[in-house]
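Heads up, the chain below is alone and in the form predicted on its own; it's given as structure tokens.
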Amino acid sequence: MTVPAAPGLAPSPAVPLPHGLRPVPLSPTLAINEALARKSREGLPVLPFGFGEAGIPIHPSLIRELAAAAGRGAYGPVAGSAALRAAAAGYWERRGLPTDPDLVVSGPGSKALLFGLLTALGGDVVVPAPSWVTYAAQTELTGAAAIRVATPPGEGGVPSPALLADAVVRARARGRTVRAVVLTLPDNPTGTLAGEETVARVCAVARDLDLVIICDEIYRDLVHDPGRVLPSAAAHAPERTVVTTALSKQHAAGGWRIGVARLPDGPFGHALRASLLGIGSEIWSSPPAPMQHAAAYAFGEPDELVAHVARGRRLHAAVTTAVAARFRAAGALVREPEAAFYLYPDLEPLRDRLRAEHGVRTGADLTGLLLERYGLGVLPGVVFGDAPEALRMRVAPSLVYGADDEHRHAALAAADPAALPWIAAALDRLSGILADVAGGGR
């Protein structure tokens, strides 16, 4: 595996593994969360901006539905229940993507579905640079290679169309089998959303090169401007696009582990379904029945859940925008967040000062300094496929919405969440850390 170690975590000693065991590092997004938890247990103050947790309470109606199905313990269909698949099909239908419920497959989280899809497809996979750590890591776990292609300026989540074509042609000329390209709309780690024209061009290149498109739309309902239309690849290349989503982001049910995939209609989609179900049958057998029941309710989008998602979207927009302003005030370059609960500031303007005062030469140097000296947990761009020397980092402030559900509900209801005392204190602490780092502690 080529995924770098998480910042601030000492690498494991290079010792031989018994029986030829394969060393696989912990995912950086999970590793930083564990590092912060360890520091907190030691009594050290932390600022948890590293983990991609939605940070809002699960709506009581979802908890009610899960409780109502708690006694369901039997195995079900590998693809998921008919009720869940129909509800997911309706969810996509309402977003302009007519969907056959028979071409919906559920699994224990979209992460598991992604691994199943990559295994079924085989071959190398193009991933945007930067992009969520799991795309490249899972590709390598299947024995293939992740081909990183830079994103267009300001349009995270999709590879540059021209660079995509060049990378695939070059890889195939070297004898590589390239089968797929991954898109994230909206994007993790940058919190941006690619434009319609760029997505259309990427889809045209994928068609010309016969690439399957895996479009991760897990943040679809968290675009900060609710009037902005998401440019789904499935609308531009329906015959070759797989769309995935889950409950973990808009409904904050990451620990419930339930996701769905929408496969393309036609012979290819049906063949892919058969392969994915075969893989699922050997790995997860069937998604957890109680979770499926709750997910069917969620994808049905009753009014109370639609309103809850809207409140969460407003909260994410308010806090990420406030955090972006604090980074900007410290001299960083940062685009205004457009979706989800991420931003991707660049401290390049401070490079000379950071090197002179702190010996910082790489992004990992910087985030290691922030973690060890200040308890600020963020992830360097290198773990997302960015250049090692880049002083960019992913910042996810959603865990400062509150330490308990009372505070989180207050954050959801607030007209100005950033003014709440506990969120304002986190923002002020961030500003203090950035000022100290930028000023060399003077």
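Each residue number is its position in the shown sequence, starting from 1. Computed from a predicted model, the values in this text were never measured in an experiment.
One more form of this protein exists, namely the form predicted together with a small molecule; it is left out here, but the text below deals with it.
Peer 1: Taking a heavy atom within 4.5 Å as contact, would all three of 110, 184 and 342 count as contacting the small molecule in the model of the complex?
Peer 2: Answer is yes for this spot.
Peer 1: From the list 125, 218, 350, 214, which entry has a heavy atom within 4.5 Å of the small molecule in the model of the complex?
Peer 2: After the contact test, the surviving option is 218.
Peer 1: Of the options 240, 249, 85, 313, which one has a non-hydrogen atom that comes within 4.5 Å of the small molecule in the model of the complex?
Peer 2: If I apply the 4.5 Å criterion carefully, the residue I get is 249.
Peer 1: Does any part of residue 92 reach within 4.5 Å of the small molecule in the model of the complex? Heavy atoms only, please.
Peer 2: No, residue 92 is distant from the partner.
Peer 1: Give a yes or no for residue 257: in the model of the complex, does one of its heavy atoms lie within 4.5 Å of a heavy atom belonging to the small molecule?
Peer 2: The answer is yes: residue 257 has a heavy atom within 4.5 Å of the small molecule.
Peer 1: Can any non-hydrogen atom of residue 188 be found within 4.5 angstroms of the small molecule in the model of the complex?
Peer 2: Result yes; residue 188 sits at the interface with the small molecule in the model of the complex.
Peer 1: Could you tell me if residue 327 has a non-hydrogen atom within 4.5 Å of the small molecule in the model of the complex?
Peer 2: Contact check for residue 327: no, nothing within 4.5 Å of the small molecule in the model of the complex.
Peer 1: Given a 4.5 Å cut-off on heavy atoms, tell me which of 198 to 206, 129 to 137, 361 to 369, 305 to 313 is the interface stretch with the small molecule in the model of the complex.
Peer 2: Going through the listed ranges, the match is 129 to 137.
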